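Here's a solo chain for you in structure tokens, the form predicted alone.
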Amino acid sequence: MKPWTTAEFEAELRAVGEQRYHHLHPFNERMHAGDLTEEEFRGWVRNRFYYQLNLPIKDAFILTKLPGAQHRRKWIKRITDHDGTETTEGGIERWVRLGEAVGLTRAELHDTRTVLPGVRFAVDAYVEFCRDKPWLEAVASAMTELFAPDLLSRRITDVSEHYPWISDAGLEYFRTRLTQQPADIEHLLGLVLDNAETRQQQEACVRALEFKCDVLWSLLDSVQLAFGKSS
């Protein structure tokens, strides 16, 4: 089968986000409408933290498989963005501050025994996917970042407006990701568009992105079932 053109391939990838990204999930829609209770918001922050903890782990698996030092040098920044360094704070620590802003303790957040089973299953499946799949598919699964900036911008605005009990300092994670993501997205997009040369590879990348959207959707399904209203 003939490969898609670069423009066609990118359009296929972006269509996945338009149709399946978790901005469409009822729990996210309720969050942005100001309809979550404090318990629901805390439940989301607490369980999403398990995903945050695992981001540098999945990125470390991808790092070991990337072709070429230039790509590894760019990719390793993702790990330090989340883990931090000896002198800089990372995204995981910023998420802890969000947790504290909604009434959770550091110990509660780091106690992974209390993570919802569905959240654990989805996140672990994502880490295993990035560990076991070819690097191109693993990288493609991370392309949900293409759709994140708009959601992050809305989240900062809507949380500030609808949840005044959450301190502004708790939103620093989202602000920082807005400044970090443009370079990450450019690197991601280039890696996938330039290296998926056959139609088979292109379709595998689309399926990988669909899988990642399913991971994020399943995470919210579990949180909604445990803490939220049925829709």
Ligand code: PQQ
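Note that this is a predicted model, so its numbers are computed, not measured. Counting begins at 1, following the sequence as shown.
What follows is about the form predicted in complex with ligand PQQ, which we do not show.
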- Task: Report yes if any heavy atom of residue 22 sits within 4.5 Å of a heavy atom of ligand PQQ in the model of the complex; otherwise report no.
- Result: yes
- Give a yes/no on whether residue 94 approaches ligand PQQ to within 4.5 Å in the model of the complex, heavy atoms considered. no
- Message: Does any part of residue 151 reach within 4.5 Å of ligand PQQ in the model of the complex? Heavy atoms only, please.
- Response: yes
- Message: Can you tell me whether residue 46 touches ligand PQQ? I mean in the model of the complex, with a 4.5 angstroms heavy atom cut-off.
- Response: no
- With the partner left out here, if you bring back ligand PQQ in the model of the complex, are 50, 127 and 219 all within 4.5 Å of it by some heavy atom? no
- Location of ligand PQQ contact in the model of the complex, chosen stretch of 163-171, 191-199, 33-41, 54-62 [non-hydrogen atom, 4.5 Å]: 54-62
- Query: Across 94-112, which residues bring a heavy atom to within 4.5 Å of ligand PQQ in the model of the complex?
  - Reply: none
